[in-house]
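There is one chain below, alone, in structure tokens, taken in the form predicted alone.
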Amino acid sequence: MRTAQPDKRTRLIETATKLAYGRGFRETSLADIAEAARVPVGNVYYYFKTKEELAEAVVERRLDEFRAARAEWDRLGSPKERLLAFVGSVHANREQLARGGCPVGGLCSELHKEGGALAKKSATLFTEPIGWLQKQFRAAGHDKDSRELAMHLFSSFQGMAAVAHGANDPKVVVMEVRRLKNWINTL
């Protein structure tokens, strides 16, 4: 029995997401994406009029990934458990982070450099998780400093990803995740 192949549009988005993570979005041509997705390059324009439209779809895909993870975390019983699960997901991706850095942080940073509507759209890759973290800290009784705590946690995550990648050392993530979990448990 054959498994169903994703449609061409989905394949293009998935492929663009992977290639953007490995090479950078601007360093990846539409022809590269089409070839890797096994879609004729002329067909790309049927689904995406511009490379920016494809970049928007990649941003949406990354947001959907976060939202799916968030839905799982939201099923947990307490804000502290949800925060620990967020940090645990970072630990689970330590090898990937050491090899390539944060896929969300890298994409957001790259797209933000150019300004415009795409930069604004890509900012949601940071603002949405930070907002969710803030909500968790507020629910844990930290009304006054929930934003600062959320920024600290998210910044710690981005920093550890950058350092682990720069050093090509997943142990950086292990060490920092342990610190963050200990910190969350003291709140």
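We number the residues from 1 along the sequence you see. Not measured: the values here are computed from a predicted model.
Here the subject shifts to the form predicted together with a further copy of the same chain, a form of this protein not shown in this document.
Contact with a further copy of the same chain in the predicted complex, defined as a heavy atom within 4.5 Å, is made by none of 11, 16 and 61.
Interface residue remark: residue 108 is counted as part of the site for a further copy of the same chain in the predicted complex, having a heavy atom within 4.5 Å. The closest non-hydrogen atom of residue 155 lies within 4.5 Å of a further copy of the same chain in the predicted complex.
In the predicted complex, a further copy of the same chain lies within 4.5 Å of some heavy atom of residue 123. Put simply, residue 144 is far from a further copy of the same chain in the predicted complex: not one heavy atom of it is within 4.5 Å. Screening 38-46, 156-164, 135-143, 53-61 for residues having heavy atoms within 4.5 Å of a further copy of the same chain in the predicted complex returns a single hit, 156-164. Interface residues of 171-187, taken as those with a heavy atom within 4.5 Å of a further copy of the same chain in the predicted complex (partner not displayed): 172, 175, 176, 178, 179, in sequence order.
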